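In the block that follows, a single chain appears as structure tokens, in the form predicted on its own.
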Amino acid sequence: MSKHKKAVVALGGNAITRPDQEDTIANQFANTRKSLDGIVELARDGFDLVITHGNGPQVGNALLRIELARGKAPILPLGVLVADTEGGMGYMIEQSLQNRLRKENINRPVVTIITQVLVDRNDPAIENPTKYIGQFYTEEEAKEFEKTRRWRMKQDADRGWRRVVASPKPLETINAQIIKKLVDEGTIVIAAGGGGIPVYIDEKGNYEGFDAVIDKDRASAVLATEIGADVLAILTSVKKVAVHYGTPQQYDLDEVTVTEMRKLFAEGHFPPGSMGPKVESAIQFIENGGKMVTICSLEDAQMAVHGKAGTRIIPD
């Protein structure tokens, strides 16, 4: 049993697919290699690690390929596409990290686990889907797809109509036991990619896939609790969490208690579409026994996990 500190590091999907770049596999590999600097240093520092990652851009591209192949190849459900991106992105992260660790003479095995995550099929979020996925359509197309494909469609700002799916809360990680075993033995595990594959338990007690997406940060917080992690590091595009964002009163948070963060969240400083799920996940992890959450930029990962950068949320 390892006595090292244990951390879950959550990479954003944009760490691998950058919005300002052509989305080629070569670029994805290059971005993946760049995203691993802080993780390599944490491995060198002796941390036992789980790496989670988003898949928003990638699963959107997978959906586009399905649409372009409609009538020529089988339609794949969303859960299978999440599994596909977990495997593909996990492969990129795994291989890039293996090569980097070898170069740095750090002897740590790395493995990717395609992860199922349990949700409640009666979660209220299912009745009010809010997660935009896939490409944009005209209003006429949207109405047609609501009838013929039974999609739920909503207007996404002024850019057009898009499909929306539910984002139920993760309850537990089906693969948590084996992930914990591997991590405790020193293996770096890549898991819960894209929030994991949503599954529910049917009337016969079997796992069944569900057409939804799970927020990656919420899934990371659940998994971090299940494996007994000390630290949850949520890596994003900003260096710190800001209050009064975008106003003259804006200021950054350095270290705050979970009670202070809960109060700021209740005051509405962290909208659902941006920082909200990250802050909610941080609060949940600390309330369930975690020692620290850091929300920070990719390049600050090592310093942030050591409490020297980013926004740090700690117990009262």
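The first residue of the sequence shown is number 1, and the count goes up from there. Just so you know, these numbers come straight off a predicted model, no measurement behind them.
Note that the form predicted together with adenosine-5'-diphosphate isn't included here; everything after this is about it.
Here the marked residues Val80, Pro198 and Ile201 all miss adenosine-5'-diphosphate in the predicted bound form; none has a heavy atom within 4.5 angstroms.
Residues within 4.5 angstroms of adenosine-5'-diphosphate in the predicted bound form, judged by any non-hydrogen atom, belong to 263 to 271 and to none of the other stretches in 29 to 37, 66 to 74, 263 to 271, 282 to 290. Taking a 4.5 Å heavy atom cutoff to adenosine-5'-diphosphate in the predicted bound form, the contact residue among Asn122, Gln177, Ser237, Thr130 is Ser237. Only one of Val111, Ala242, Ile114, Ala142 lies close to adenosine-5'-diphosphate in the predicted bound form, with a heavy atom inside 4.5 Å, and it is Ala242. Among residues of the shown chain, Ser297 is not one whose heavy atoms approach adenosine-5'-diphosphate to within 4.5 Å in the predicted bound form. Using a 4.5 angstroms threshold between heavy atoms, Ala62 stays clear of adenosine-5'-diphosphate in the predicted bound form.
By the criterion of a heavy atom within 4.5 Å, Glu86 is excluded from the residues contacting adenosine-5'-diphosphate in the predicted bound form. Proximity of Leu42 to adenosine-5'-diphosphate in the predicted bound form falls outside the 4.5 Å heavy atom cutoff.
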